[in-house]
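As a starting point, one isolated chain is supplied in structure tokens, in the form predicted on its own.
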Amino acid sequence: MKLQVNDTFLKELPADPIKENTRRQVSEACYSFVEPTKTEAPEIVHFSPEVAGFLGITEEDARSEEFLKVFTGNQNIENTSPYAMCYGGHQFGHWAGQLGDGRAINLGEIVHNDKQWAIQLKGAGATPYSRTADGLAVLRSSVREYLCSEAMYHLGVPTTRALSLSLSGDQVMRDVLYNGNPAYEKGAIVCRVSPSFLRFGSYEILSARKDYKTLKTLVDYTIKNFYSDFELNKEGYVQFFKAVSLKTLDMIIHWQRVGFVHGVMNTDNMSILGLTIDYGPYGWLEGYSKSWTPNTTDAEHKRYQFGQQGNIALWNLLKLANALYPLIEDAEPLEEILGDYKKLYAGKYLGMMKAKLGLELDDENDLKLIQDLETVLRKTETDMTIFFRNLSNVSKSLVVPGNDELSFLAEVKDAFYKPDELKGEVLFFWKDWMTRYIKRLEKETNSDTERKHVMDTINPKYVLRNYMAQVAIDAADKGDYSIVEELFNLLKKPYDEQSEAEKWFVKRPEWARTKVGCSILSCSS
């Protein structure tokens, strides 16, 4: 296995001079050298041939002893040294100070076919940033991260990728619900791949410490390597911030399109490249609800609920703007960019929702139609994925009856969790909305067949519902990785019909409604 190393991060940014792996505050540095914790009996559970190809790794390589050793942290990549990154962050709205890679260790940066990739192990042991934690991860959370990283990519959502999922061979103590009932779980390691793992918090920590020299070095590095159209001066820094805001906005719109809820949108979990990063207590909407969050830690205040993700991204961008301000020394252009975000978000959200409804032409009543749909979807529990996917089957020639007959909902009836609630006021609102939707479709010039084709490329049929991930986790915990393999392949084609996989195109089963891992998740990993 030959990997071409080009460690720009190590070469161009300042290192922590202390080499010991002790918990500490790290100043005037962007990273600390640290060795992964060696494991006794590692095992590769699964790997992505596609991501391996990005790195110049063949399938034969991926089955080698060297691959096993390198991507479980037992052997370093030649010509580079592993390290953990220093960053801070706002967590649930409050400045948390130094955070850093507490359970992630970067193996190095690899170049293949003129593209550069940073390789990172999650769950490979403690670092100077681990605080009181052990830096390890468990199979439960690692299966979720591995599958979701690749699923999101194939959905068309900007994301980091995953190369491999491994067992460490060790047992790890975790308290899943933080309720005083810890238990041992199988240890695991995910190899994550991205052009960079820099986060908003990477810049915040330096600015908070008034280390403007290192801040400038980091910003210049970022622009040079990832935003090279901009100059290394104040105007270039403004343009850099604008580009980050646009990439972030694009990512959030995609989240809303597919019904994804991140769960922990702290600034240390926001990629400077506008990529979805750090798959912890995430989830997809089952019943459509703007107030839903998958995170038990966020259950009371719902800061990171589905309907607030656009606003939270803006709040996080404000914190990034504050961090960059010392280099720009002019608040007006930053404020203008933040103001533009609000306007752009509204426009892009409207465009995205129109696309989900198959509306290509402009109509002054489209916003009202969308807002009313978002209201009626909450009148009775309605599965978001199934509803939008099956809506493409509705014909513009559909006739909505005047009595209580439900035939007008025939194409989307499978999306309702409680069909017996489709009566009275609920039925009235559904009839009203569907009538207006059909009239609106009549204004479109394309045929039903043409509209369905387009809608089915926007509304996925298959997403990684939490219960699906849990089924794979339960099997994997018993040594059966066949469902990991099945879901991995299923989610590579989320917009295809895949008739042999219809069993996964269903509402969340009742047994999963309150099961840990299916409806409620914590940050425990």
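For every residue, the number given is its place in the sequence shown, counted from 1. Model, not experiment: these values are computed from the prediction.
As for the form predicted in complex with a small molecule, it is not shown, yet the points below apply to it.
S.K.: Have a look at Glu185, Asp278, Glu286, Asp298 for me and say which one sits with a heavy atom within 4.5 Å of the small molecule in the predicted complex.
M.R.: Comparing distances to the small molecule in the predicted complex, the residue within 4.5 Å is Asp278.
S.K.: Out of Lys242, Lys356, Arg174, Arg451, which one falls within 4.5 Å of the small molecule in the predicted complex, going by heavy atoms?
M.R.: Exactly one residue meets the criterion: Arg174.
S.K.: Could you tell me if Gly102 has a non-hydrogen atom within 4.5 Å of the small molecule in the predicted complex?
M.R.: Taking the distances in the predicted complex, the answer for Gly102 is yes, it comes within 4.5 Å of the small molecule.
S.K.: Can you work out whether Asp211 and the small molecule are in contact in the predicted complex, taking contact to mean some heavy atom pair no more than 4.5 Å apart?
M.R.: So Asp211 does not count as contacting the small molecule.
S.K.: Asp268: heavy atom within 4.5 Å of the small molecule in the predicted complex?
M.R.: It does: once the small molecule is placed as it appears in the predicted complex, Asp268 has a heavy atom within 4.5 Å of it.
S.K.: Test of understanding: in the predicted complex, would Tyr87 fall inside 4.5 Å of the small molecule by heavy atoms?
M.R.: Yes, Tyr87 is a contact residue.
S.K.: So which stretch, 73 to 81, 149 to 157, 130 to 138, 201 to 209, is the one near the small molecule in the predicted complex (non-hydrogen atoms, 4.5 Å)?
M.R.: Among the candidates, contact is made by 130 to 138.
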